[in-house]
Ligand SMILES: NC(=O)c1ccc[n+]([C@@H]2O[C@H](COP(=O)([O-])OP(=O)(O)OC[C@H]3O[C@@H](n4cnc5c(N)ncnc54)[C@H](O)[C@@H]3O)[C@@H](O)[C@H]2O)c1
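Just the one chain here, laid out as structure tokens, in the form predicted on its own.
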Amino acid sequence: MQKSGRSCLVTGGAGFIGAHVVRELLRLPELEDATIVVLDDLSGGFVENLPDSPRLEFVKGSVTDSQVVDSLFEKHRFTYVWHLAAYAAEGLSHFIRRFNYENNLIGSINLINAAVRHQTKRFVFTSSIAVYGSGQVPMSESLTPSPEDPYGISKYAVELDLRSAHELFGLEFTIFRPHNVYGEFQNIGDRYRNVIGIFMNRLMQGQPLPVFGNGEQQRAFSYIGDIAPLIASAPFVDGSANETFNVGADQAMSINELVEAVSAAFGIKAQVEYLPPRIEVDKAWADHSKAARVFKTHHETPVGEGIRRMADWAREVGPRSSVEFSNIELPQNLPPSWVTATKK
């Protein structure tokens, strides 16, 4: 494989998944002489998530700022782009539609435009299984996406735009659809997303765990250490160009079972606060045979082990203050617990 010797861009690189992808990129022999530029507005990430490396350059800024994006591409002429910056609150996206589309769609288009202009070799995009909608389990890449929330709609729109940019301009891409990812560096202070992080943050503060509906919703929770290496390696894997891959865990569990697993990791019997159900997909897990075939690997960390690793890290950093989203655009039908949060 040929070494790049050039610059690479990771958007959202100080965030949860991004910080793990950055670490994987620094380990890749194909990038051993490359500079890794991280663009992050720190709305959900932390500079301390980033490793200390002379090959790493951090830039505070947003993908929604086209001038910042264009100036970075002009300066570095990125060979590869890993686009992970997003506000990934599926449930909340119904009530923050403009914010959702500006951050998750328009910000992505700014990057795609710049990548085309500067002849980026590969654009790696983290989408989501939210593009599938409900009633399609196991979710496979052969299914026709039918997203049910603005977050999933924005992700699918970017996927379509990447295909269009490839057909007209030749921009190569690889799309990943991860799901319910958890692990070290997750923003446990975000009360609107990342249920495992929410549970751990509240347990450490002696608070009850919020469960919407009856807790029988099913998810396959995916440990970050199993998917970050695949995302990082995509430009250097034969058969990954202009393809879409589900990545994550196969084994699903209910939210009630998750309560027990997180409680066991902390050695605490958690109290549960059952809340009125919200609009969400009831069952979500995916088929990963395509990724296993192309990347020639499919490792699944047992959920109990992954949660214990994350719990050890969470105890080290301690609880974090919950982030309150203050710019709700449509307060109608907002879950009551979120109404309280946004008015504090």
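Because the structure is predicted, anything quoted here is derived from the model rather than measured. Position 1 is the first residue in the sequence shown; the rest follow in order.
The discussion below concerns the form predicted in complex with the ligand, not included here.
Asker: Report whether the minimum heavy atom distance between F173 and the ligand in the model of the complex is within 4.5 Å.
Answerer: Contact check for F173: no, nothing within 4.5 Å of the ligand in the model of the complex.
Asker: Heavy atoms within 4.5 Å of the ligand in the model of the complex: does Y151 have any?
Answerer: Close contact exists here: in the model of the complex, Y151 approaches the ligand to within 4.5 Å, heavy atoms only.
Asker: Does any heavy atom of V262 come within 4.5 Å of a heavy atom of the ligand in the model of the complex?
Answerer: Residue-level check for V262: no, no contact with the ligand.
Asker: Does at least one non-hydrogen atom of A292 fall within 4.5 angstroms of the ligand in the model of the complex?
Answerer: No.
Asker: Sort through 26 to 34, 305 to 313, 282 to 290, 60 to 68 and report the only stretch with a non-hydrogen atom within 4.5 Å of the ligand in the model of the complex.
Answerer: The contacting stretch is 60 to 68.
Asker: Check for me whether the ligand, as it appears in the model of the complex, comes within 4.5 angstroms of all of G12, G45 and S128 - heavy atoms only.
Answerer: Yes.
Asker: Which of these residues, M200, M139, V81, A86, gets a heavy atom within 4.5 Å of the ligand in the model of the complex?
Answerer: It is A86 that has a heavy atom within 4.5 Å of the partner.
Asker: Which residue among R97, R193, H76, H166 has a heavy atom within 4.5 angstroms of the ligand in the model of the complex?
Answerer: It is R193 that has a heavy atom within 4.5 Å of the partner.
Asker: Just to make sure I understand: among 263 to 284, which residues lie within 4.5 Å of the ligand in the model of the complex, judging by heavy atoms?
Answerer: Residues within 4.5 Å: none in this stretch.
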